[in-house]
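For reference, the chain that follows is the form predicted on its own, supplied as structure tokens.
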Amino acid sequence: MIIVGSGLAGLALAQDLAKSGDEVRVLDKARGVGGRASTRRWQDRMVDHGAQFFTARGERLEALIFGWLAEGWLKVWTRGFGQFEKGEFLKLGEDSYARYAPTEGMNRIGKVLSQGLSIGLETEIVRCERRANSWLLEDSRGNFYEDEQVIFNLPAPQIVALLGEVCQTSPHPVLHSLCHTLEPVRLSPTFTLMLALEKDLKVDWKGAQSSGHPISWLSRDHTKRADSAPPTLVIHAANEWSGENLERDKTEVERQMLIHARELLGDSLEHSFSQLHRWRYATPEVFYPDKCFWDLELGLGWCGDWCGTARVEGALESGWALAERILAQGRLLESAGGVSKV
């Protein structure tokens, strides 16, 4: 099986299948695993520029967290955030719910989940073709990969782009209609601005949420690290604002984000350097109605945080659900005297 995309859903899926004896290969266009659970290293800093933290409600993730805390690379980052409303600070909201963050960056989760897997990085799949009993994938360098089964752990619009021609021309009734089931899914963009601050903010919160304003999130990212970490601020633009400015010159986007951040913080935000990142597909707004998709006859499936539930735990649960579905069908085939392995 080939899994296209090494986001957390794809890695969770790959681990469960590999532990059951299946041969799995993961391909990703990025230089590292984890998808939006990513960390950028620049100058003397490490910065989470995608997913900022995660929570746990399900037993399986809670069990993993228990082990990760014991290993020492994960910690409870905070139990509440500052709250802004239409540019005005309201309060520091505290509750009993733990928000977890790896001390070495969010991409540590992907690194842990990828251990023991066969992963090909810097491999961007640009075309796929359905053959009689297999899928043929082509990457941007002209290399080909063929397998009977393929899983896409990509944003829904990217899956539609890859499968579009196949869906339109295939005589198979299920495959012909598949792209239509993905078209309603909507993911909003987000701009992330990272600032290496000259001095830390004089605030009581580690992270702050904002509504009714062009800025939706502020994080004193260094508070996830060792006490000696230099002050770093991560700023997320609101989804609507990001969509309106998606194709705008990045220099102007950064300038405007700084202006809006100062509106909230009342601070000069003196910084030695900055970096802007655009996430074209960041926040699921309209979800796929199930946790995953799998068709055994076609050998085709998909998973991701836009399937059923968002966030880190949603991505993991999507991958685990797909693995369970694939393995359950394999067991049914074995008991019926069919193939010995899905």
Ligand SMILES: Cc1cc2nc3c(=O)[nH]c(=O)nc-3n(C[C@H](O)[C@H](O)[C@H](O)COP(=O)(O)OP(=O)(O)OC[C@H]3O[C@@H](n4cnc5c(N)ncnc54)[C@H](O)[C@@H]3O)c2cc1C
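Bear in mind that the values here come from a model prediction, so they are computed numbers and not experimental data. A residue's number is simply how far along the shown sequence it sits, counting from 1.
Beyond what is shown, the protein has a form predicted together with the named molecule; the following relates to that form.
At a distance of at most 4.5 angstroms from the named molecule in the predicted bound form, all three residues Val4, Glu124 and Pro155 contribute at least one non-hydrogen atom. The candidate stretches are 293-301, 53-61, 66-74, 39-47, and the one lying within 4.5 Å of the named molecule in the predicted bound form by heavy atoms is 53-61.
Although the partner is absent here, Asp28 sits close enough that one of its heavy atoms falls within 4.5 Å of the named molecule in the predicted bound form. For Trp279, a non-hydrogen atom is located within 4.5 Å of the named molecule in the predicted bound form, even though that partner is not displayed. Within 4.5 Å of some heavy atom of the named molecule in the predicted bound form lies at least one heavy atom of His236. In the predicted bound form, the named molecule stays beyond 4.5 Å of every heavy atom belonging to Ser210. Proximity to the named molecule in the predicted bound form, taken as a non-hydrogen atom within 4.5 angstroms, holds for one residue of Ser219, Ser114, Thr190, Asn107, which is Thr190. In the predicted bound form, the residues of 305-319 lying within 4.5 Å of the named molecule by at least one heavy atom are, in order, Asp305, Ala310, Arg311, Val312, Ala315.
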